[in-house]
Ligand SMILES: NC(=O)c1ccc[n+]([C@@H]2O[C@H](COP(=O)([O-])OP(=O)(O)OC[C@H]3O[C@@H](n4cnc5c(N)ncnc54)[C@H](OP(=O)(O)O)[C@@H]3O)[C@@H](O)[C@H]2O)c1
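Quick heads-up: it's one chain on its own, the form predicted alone, in structure tokens.
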């Protein structure tokens, strides 16, 4: 257990992107059941985002399911019979989903296209004849403020417990982006702020503007992406929480599965999944590190949460750290 945004919570939460974007369960009840399963096994941190939805037509215009991820989290909590007030819900702002125009393909090409979405290395996802799904930064102050207030309405709260900046928008100074978060805190719309996809310089800028309101950095971290900028160590130095996104490599990007072979080796001796070993290894890196694996069904999140009870030996940690170059 650790403290985050005023909540005492296990350090393994649940990311909900897989339940809301391309590849999500076609049956909404499966997604609700998966969140319920997470809460039932002990998860008390749910991570969502304004941009967790599936564009229904080309561009970034208003899709029919705008807000899908946030609405899903609210619905799951509203229909859960556990202690809802103990659950930290974090969301993010400053990113949009995109869908390119449908590509011109021949009938033969269409017939040969896979029925499921295929991830490329940039994070864009191609799907059948619908073009490519992707992401677009929009962290203009007016966008941040508007989206934050929309998120609060969708989650049915007076103020957001934890709101992340989803990215550092390269189109405008980071100081301007953080200024919008400062305003949201001052107005009471947001109680605590996190930042994502950032380096040490960005962290310093955010701290200078947000002060103690900044409590967390959410960056990619896994055996296949072991934090080459060392932001985890910088967070430890500053006393900030470090939250891992894509802790198992992610499902939109191509992943070098060979990086997980040492974890499979340890898992074989432990009689558990390599994903569980991976998450336990991450939790051992820093006592204020949180990891938020996604899941598409109850089994996946139950297996992931079991990592909170898996204590790796010093020899196992030394072996795994050496394998990933830490």
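As the structure is a prediction and not an experimental result, all values here were calculated from the model. Numbering follows the first chain given and starts at 1.
Keep in mind that the form predicted together with the named molecule is not shown, yet the notes after this line are about it.
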Mark residue 17 yes when one of its heavy atoms lies within 4.5 Å of a heavy atom of the named molecule in the predicted complex, and no otherwise.
-> yes
Determine whether any heavy atom of residue 95 comes within 4.5 Å of a heavy atom of the named molecule in the predicted complex, and answer yes or no.
-> yes
Should residue 247 be classed as touching the named molecule in the predicted complex when contacts are defined as heavy atoms within 4.5 Å?
-> yes
Is residue 151 close enough to touch the named molecule in the predicted complex, meaning at least one heavy atom pair within 4.5 Å?
-> no
Does each of 47, 196 and 296 have at least one heavy atom within 4.5 Å of the named molecule in the predicted complex?
-> yes
Would you mind picking out the stretch of 54-62, 261-269, 297-305, 31-39 that comes within 4.5 angstroms of the named molecule in the predicted complex, counting non-hydrogen atoms?
-> 297-305
